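Take a look at this single chain, the form predicted on its own, given in structure tokens.
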């Protein structure tokens, strides 16, 4: 009965987290229900997001205690977050295992902390691409792709790696959050231990989704997600939960920092430094950002490309930028006024998890500034009665002179794009430019 209960909860809790994240993301729409913000709080469980926030603002946010709780849990019992609370992990736990090689890849395994060091260097240097790779942000972006009817190529790759390599390949080798928690779990106080009664039948290693069992050495490595499958499957009941009565660092690299690991870490730092120019803003023209977005350079450093602002936008004026915009701007949200205007609902400010879009009162919003080309305007150039731009302006920033010709009141214009969107010309005579 005890084992049955464990197996049941092992399915219920991760599936609940996965379904909850999917539902909460789908509820990112106008009007934004109050419970949709729960996704924001789930995201704040991630220590990587806390590190990014601290790097951006220089101070710890008010929710700092949430990731600290996760760190404390990891130091107490290991990667419980990865095994029980991660929504992406909940999805990977449902994958079939019949095609899995269920074998670790040694050279990848020995290089994974160099990869973690590389991502942390990028993060601290001012790029939030590592945050994109964390479970809540990555899953949000891929769910957005599904919502738009496009292929979630990264999620598909993660699932294929889970099916054909082993279930938690992504968690053990790529996910910055998983690797950071694994590194911390080396010093966990409680862990599963293999007793001397073990017959080395290998049943536990076959069911372990993370290759964390070293039965010949009687060890369970830091990758253990405390799912309990080994404990459940062992015919000799040789696995027991113990407090710190075993080695301190009982993982594959328990001998400490070897010379090879030292050089791999140094190489990761070198690659991060050498590749940094590729992540700098290109010389391409600036684009319109969501209302409340911080300055462009800081916006590119803070945005995690989670696409939640794009999903919640009621007018769908926000569009993820294509790869042609450069690696730095890829997938960041931009406004294309000719497609739709910003309704100034400011919901994007409420759902942004990284403060790339800050909470700014409507009176202080300044997305851009409308520029009128009088040589092409139907009223100015052809003396026709138009003024559609004036009708579309929600803040009455388009005014008319004594001849009923439109002009822009720069003090009132917020750059929502309504005028550009409403212009009847194929190439609008009035366009909104970033400030």
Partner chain sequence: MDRREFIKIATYAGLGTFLLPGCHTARTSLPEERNLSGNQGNSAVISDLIIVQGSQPESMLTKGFEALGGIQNFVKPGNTVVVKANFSVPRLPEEACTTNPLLAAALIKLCRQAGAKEIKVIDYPFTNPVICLEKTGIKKAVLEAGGKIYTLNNGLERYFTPVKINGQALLEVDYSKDVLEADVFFNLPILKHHYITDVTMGLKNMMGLVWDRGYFHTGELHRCIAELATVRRPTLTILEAIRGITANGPTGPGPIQEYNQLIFGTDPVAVDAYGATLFGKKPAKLDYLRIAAEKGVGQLDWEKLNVKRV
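Numbering follows the first chain given and starts at 1. Keep in mind that what you see is a predicted model, and the values were worked out from it rather than measured.
Another form exists, predicted together with the partner chain; not displayed. Remarks below refer to it.
By the heavy atom within 4.5 Å rule, which residue out of 65, 41, 54, 30 makes contact with the partner chain in the model of the complex? It is 30.
Looking at 354, 315, 349, 205 here, can you tell me which has any non-hydrogen atom within 4.5 angstroms of the partner chain in the model of the complex? Contact residue from the list: 315.
Applying a 4.5 Å heavy atom distance criterion, does residue 296 contact the partner chain in the model of the complex? The answer is no: residue 296 has no heavy atom within 4.5 Å of the partner chain.
In the model of the complex, is there a heavy atom of the partner chain that lies within 4.5 Å of any heavy atom of residue 390, even though the partner is absent here? Contact with the partner chain, yes.
State yes or no: in the model of the complex, is some non-hydrogen atom of residue 371 no more than 4.5 angstroms from a non-hydrogen atom of the partner chain? Because no heavy atom of residue 371 falls inside 4.5 Å of the partner chain in the model of the complex, the answer is no.
The partner chain contact in the model of the complex: residue 155, any heavy atom under 4.5 Å: Flag for residue 155 set to no.
Within 4.5 Å of the partner chain in the model of the complex, counting heavy atoms only, one of 57-65, 392-400, 44-52, 363-371 shows up; tell me which. In short, 392-400.
Let me know which residues along 342-363 have a heavy atom within 4.5 Å of the partner chain in the model of the complex, or say none if there are none. Heavy-atom contacts to the partner chain in the model of the complex: 343, 345.
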